[in-house]
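Shown below, as structure tokens, is a lone chain in the form predicted alone; questions about how it binds or moves come after it.
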């Protein structure tokens, strides 16, 4: 299967999963903070860290399907950016700064954790 088709197949799963997960998580919180986007970005970062750390264990096709396609569609930098700007515009500046700070710290931490978990196997 060509690399492009693997990326498309992964994206076909990741994009709707992001939508469903985002809605499910956000529905459980009565807050302006974008918990849904935060959650999918942290989970996607962990998965990508895991795949990257275990890249020698998987064929390249898994990296294209799960890493580039699935994780690329599951995570969303554009929505994170939009929601942060929206928080600023709604004068929820503390939440906007918290969103940026928590997303960077949790995202990077998840990548490191995923990499560490995969390398411990």
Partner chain sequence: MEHHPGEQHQHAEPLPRGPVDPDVDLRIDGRDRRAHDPAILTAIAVGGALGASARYLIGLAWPTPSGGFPVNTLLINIAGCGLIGILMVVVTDVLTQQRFLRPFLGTGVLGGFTTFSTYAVDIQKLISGGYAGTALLYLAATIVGALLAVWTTVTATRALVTWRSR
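Positions refer to the first chain, counted from 1. Given the structure is predicted, the values throughout are model-derived calculations rather than measurements.
What comes next is about the form predicted in complex with the partner chain, which is not displayed.
- Taking the partner from elsewhere, every residue among 48, 84 and 87 has a non-hydrogen atom within 4.5 angstroms of the partner chain in the model of the complex.
- For the chain shown alone, residue 56 is not a contact residue for the partner chain in the model of the complex, no non-hydrogen atom being within 4.5 angstroms.
- Using a 4.5 angstroms limit between non-hydrogen atoms, residue 115 touches the partner chain in the model of the complex.
- The partner chain is not drawn, but in the model of the complex it has a heavy atom within 4.5 Å of residue 104.
- Using a 4.5 angstroms limit between non-hydrogen atoms, residue 39 is distant from the partner chain in the model of the complex.
- Interface residues of 56-82, taken as those with a heavy atom within 4.5 Å of the partner chain in the model of the complex (partner not displayed): 64, 68, 69, 71, 72, 73, 75, 76, 77, 78, 79, 80, 81, 82, in sequence order.
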